[in-house]
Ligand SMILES: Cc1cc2nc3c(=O)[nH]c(=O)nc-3n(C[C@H](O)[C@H](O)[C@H](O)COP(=O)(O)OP(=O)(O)OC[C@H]3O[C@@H](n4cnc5c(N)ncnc54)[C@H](O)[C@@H]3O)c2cc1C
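Take a look at this one chain, the form predicted on its own, written out in structure tokens.
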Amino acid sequence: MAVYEYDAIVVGAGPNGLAAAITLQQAGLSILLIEGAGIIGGGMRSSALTLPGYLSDVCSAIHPMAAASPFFQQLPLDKFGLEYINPPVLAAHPFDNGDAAVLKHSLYETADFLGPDKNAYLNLIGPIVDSWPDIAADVLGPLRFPKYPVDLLKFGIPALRSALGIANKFKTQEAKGLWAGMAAHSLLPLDRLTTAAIGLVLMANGHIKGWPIPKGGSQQIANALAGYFVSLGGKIQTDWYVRSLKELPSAKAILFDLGPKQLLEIAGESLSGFYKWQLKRYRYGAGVFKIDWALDGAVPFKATACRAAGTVHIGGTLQEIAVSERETSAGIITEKPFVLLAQQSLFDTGRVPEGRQALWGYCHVPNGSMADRTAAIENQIERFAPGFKDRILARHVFNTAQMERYNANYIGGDINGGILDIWQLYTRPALRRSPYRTSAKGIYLCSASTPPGGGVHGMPGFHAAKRALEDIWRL
């Protein structure tokens, strides 16, 4: 009988690598978690990017899916320092007339703000809020027969539609604009099938768990997960950039929190020709151009609601956002990009010097684009917050190449780990009975390039680890 140094090794300590490592360690196995960077976290890292004393989240900033994750909710992360802050307005969407639509924690308060579209909003989002505790594990997992098929159908029918199709349910500019901003998180043109799914999940989870800010930065989620993992007996080694299977200790299973491209580079010799062909055909989507700002005060939004919002979607009307996302997908540098902003330091004041603000934001760009979008982004913010540019003390910019250098999983700046369209929703990264198994025995993929895709929720890692556990116990 073979003797192994570890029962399993997990390569990559982002949210999914940490989730996989914890799941395996909870089963009583011996687990080594390896991270190529000097610090764990992947998309959850935080750093002083602009000026000393201004803490920025490098990638992920606001965490509705972390708070609502069926896996994370089972863990005692509060005992390891994780504390969430929910702003009074979860998300605001300003318009040129000085008004703004808002997402509030309360379903009915949000609906009331939408006036003539109140009932349409309640009919769309209400059933998902009610059924989410029962369907979350199926929505955020591989394709399988659901435990609650009727409830899942209530979500699935609208979720498979395009965002533009759903927008026809609303009459007002406010409701349509708010919806467009939510659906645009998909990084897809809004006329594509399944773009409604992202908007539905984000809105519903706002009413369930909010859109919280981790106190002290997104790094605190990673630190809490790592703290819990180590408390169970797990081992973490950083500054180890894995380039070959040959350099790894022996183990029954190896799980990669990496994308298809990296898996091919590390383990290509062990994979079948057909599986490698599938991985090479995997498609990546739009990238992001990200800016962090150090400001001498709060963003001077015209709309009062924006000044109390953790997240602000900048893009104007449904039509404007649809054009922006369509042009980006077609490889065009759009004139007025859709911009996502986060104002963490308004509510987590320890991130900045007193009276100052750290602002976080990005827009979508064609995959791999090297275009500088600084002026376009700042012009969009200035449009809804006159005087914003005068408050800038410093800025830090990430183009798509820099995003990929920061995290090798972000191919061409794609922070979703691959296009989340109807063709790659459940078949990521390849069409297989289990998307987490590779063609090589004992090698698994547990990254955002497996179902259910990107976001800080750990579900790909959890499901991949469960798959590996079933296989390990057969050995």
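These numbers come from a predicted model, not from an experiment. Residue positions are given as counts along the sequence shown, with the first one as 1.
There is also a form predicted in complex with this ligand; it is not shown, and the following applies to it.
- Contact check for R437: no non-hydrogen atom falls within 4.5 Å of this ligand in the model of the complex.
- For Q262, a non-hydrogen atom is located within 4.5 Å of this ligand in the model of the complex, even though that partner is not displayed.
- At the 4.5 Å threshold, heavy atoms of F388 stay clear of this ligand in the model of the complex, well away from it.
- For the chain shown alone, S56 is not a contact residue for this ligand in the model of the complex, no non-hydrogen atom being within 4.5 angstroms.
- Partner contact region in the model of the complex: 236-244, out of 148-156, 166-174, 109-117, 236-244, criterion any non-hydrogen atom within 4.5 Å of this ligand.
- With the partner omitted from this view, the residue of L225, L341, L258, I321 that lies near this ligand in the model of the complex is L258 [heavy atom within 4.5 Å].
- When this ligand is considered in the model of the complex, only one residue from G442, G412, P70, G36 comes within 4.5 Å through any heavy atom, namely G36.
- Contacts between stretch 288-324 and this ligand, counted in the model of the complex as any heavy atom lying within 4.5 Å, involve V288, K290, listed in sequence order.
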